[in-house]
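Below, in structure tokens: the form predicted on its own, a single chain.
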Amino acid sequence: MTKVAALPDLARPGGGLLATLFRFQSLFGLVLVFIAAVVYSPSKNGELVFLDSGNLFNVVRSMSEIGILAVGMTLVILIGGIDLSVGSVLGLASVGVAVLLTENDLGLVPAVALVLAIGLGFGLLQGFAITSFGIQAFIVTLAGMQIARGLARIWSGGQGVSITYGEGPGQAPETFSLLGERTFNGLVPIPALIFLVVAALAVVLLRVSAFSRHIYAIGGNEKAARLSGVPVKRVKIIVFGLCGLLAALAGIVHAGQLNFGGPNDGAMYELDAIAAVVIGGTSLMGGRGSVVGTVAGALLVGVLRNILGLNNVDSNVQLLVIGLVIVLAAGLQRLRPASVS
């Protein structure tokens, strides 16, 4: 009886090992996967390939687009929603920026601003439809996924758009090519920096703003939040708008890395983003989770894919392993005490 009675004390926030393990499950998971990657890393010239600085930054670069999407997805899931359109919006944005820069000869700043505005507007419209018509987010964003993909194909004529650089007609400014480069003596990929800056801004948003309290309140109990005076409709619309904005940013980064914008780009990226959020410890029911956990979840997936690839593990087996990790993370969420935030 004494042990059973002591369990809630351990589960209280800040109240013991169990609470700590649940609250930082994604960080602990990332550390364990990282250690396993070091142990099973192949060697080259007596050095571990996995620990090579170039390889480690490649892990972050490879997850930068998914990570940016996952940050926006975290905000949506925290209010108890879901956004299945982010992959298609990424494709729309990649096509849009490629067409505007090469076919419409628009300047870099106007082109990027217009594409970001399109992503923001798309998300705001979805949020408006969800809150005004009472349609579930799953249905609205499923339709949004199809609409964004269709718009991308119409805008590009169904073809991919290559980006070449120069000062002549049909060429993009050289500055845009920096998205495929590295900084700090050629070590840190620019997309990785963008991802980390976006994540840092989101962490600040969720820790110091009144808006963040509204997000968690809506996810925890929407009816109670509304009765408490929280502008539920407005907050939801803004959150979906931010998610669309970040999806467009990820599309711009995508086009800059590949020097190409394709109408089919970003397919299934929404599932990878959701996976990063779930592995990061955010509850799909809303009200619990953090951007820090999502970043750790995205990096965990990146490290897993990297070490499995370095060991020439079949890509189908890689999907199986990552799927099992998602199920494990979701299972831990079910076991998580309600008192652990």
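This is a predicted model, so every value here is computed, not measured. Numbers for residues come from their place in the sequence shown, where the first is 1.
There is another form of this protein, the form predicted together with a further copy of the same chain, and it is not shown here; the text below is about that form.
Residues Ile147, Leu319 and Gly331 are all found to lie within 4.5 Å of a further copy of the same chain in the model of the complex, as judged by heavy atom distances.
Taking a 4.5 Å heavy atom cutoff to a further copy of the same chain in the model of the complex, the contact residue among Leu108, Leu178, Ile139, Leu201 is Ile139. Although the partner is absent here, Ala36 is not a contact residue: none of its heavy atoms lies within 4.5 angstroms of a further copy of the same chain in the model of the complex.
Taking non-hydrogen atoms only, Val112 never approaches a further copy of the same chain to within 4.5 angstroms in the model of the complex. In the model of the complex, at least one heavy atom of Leu271 sits within 4.5 Å of a heavy atom of a further copy of the same chain. Using a 4.5 angstroms limit between non-hydrogen atoms, Gly134 touches a further copy of the same chain in the model of the complex.
In short, of 148-156, 112-120, 236-244, 192-200 it is 148-156 that has heavy atoms within 4.5 Å of a further copy of the same chain in the model of the complex.
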